[in-house]
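One chain follows as structure tokens, the form predicted alone.
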Amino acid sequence: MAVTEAQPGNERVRGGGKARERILEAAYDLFAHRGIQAVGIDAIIAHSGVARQTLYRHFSSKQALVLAFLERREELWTKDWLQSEVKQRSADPEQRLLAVFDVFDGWFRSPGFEGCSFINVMLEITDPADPIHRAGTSYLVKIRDFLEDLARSAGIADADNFARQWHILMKGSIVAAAEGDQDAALRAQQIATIALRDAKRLEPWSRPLLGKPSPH
């Protein structure tokens, strides 16, 4: 997914581009497809065609560049692609929930399938206190918030719990697709259809989680 939008006030470099955007575009492509630990500053400099001092003028560290990448990933992947595609496919909140997996199905079958960058950075940076790990978590939470809004609009009583379980299906399908199962989204959608039906009947989603005492 190419990064094309420019930001004003940045230094122009060869090709008429702007330095910050060229750096961020290079980082986006490399981090999304190779991961953050496998990509060094030298690779980003070579990919972007800017000088080292130019990169550090715009991004004080690799961590700052990774955080900018994750912010851009939310703009392009979560908002401009996933949420936009889901909303275009139906006006009905229940159908929008199911449409998530239709959107994923096309993604999983694309030659450029790169997995979820938010999950990937959390697996690479495992310290919960690390700013990169926290950022990955926060962007996943925003996706779950989107699901919760849909669930609430669909009349599901425990929208938070439902969204968490729906998100598990989404994340699980991404991992299965990374393993090579191109039908992972369709398999997840089959489970999701049953889950949605049961949620509308207030079962089993309204039941207490295992290990938690019943309030009654």
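Since the structure is predicted, the reported quantities are computational estimates derived from the model, not experimental observations. One-based numbering along the sequence shown.
Only in words, not in the display: the form predicted in complex with a further copy of the same chain, which the text now covers.
Stretch-level contact check against a further copy of the same chain in the model of the complex with heavy atoms at 4.5 Å: of 66-74, 52-60, 187-195, 145-153, the positive one is 187-195.
For the three marked residues, V103, S110 and K200, no heavy atom of any sits within 4.5 Å of a further copy of the same chain in the model of the complex. By the criterion of a heavy atom within 4.5 Å, E179 is counted among the residues contacting a further copy of the same chain in the model of the complex. At the 4.5 Å threshold, heavy atoms of R164 reach a further copy of the same chain in the model of the complex. A residue is said to contact a partner when one of its heavy atoms sits within 4.5 Å of a partner heavy atom; Q88 fails this definition for a further copy of the same chain in the model of the complex, lying far away.
Shown alone here, H33 lies within 4.5 Å of a further copy of the same chain in the model of the complex, counting heavy atoms only. Residue in contact with a further copy of the same chain in the model of the complex (any heavy atom within 4.5 Å), chosen from L82, L98, I132, I119: I119.
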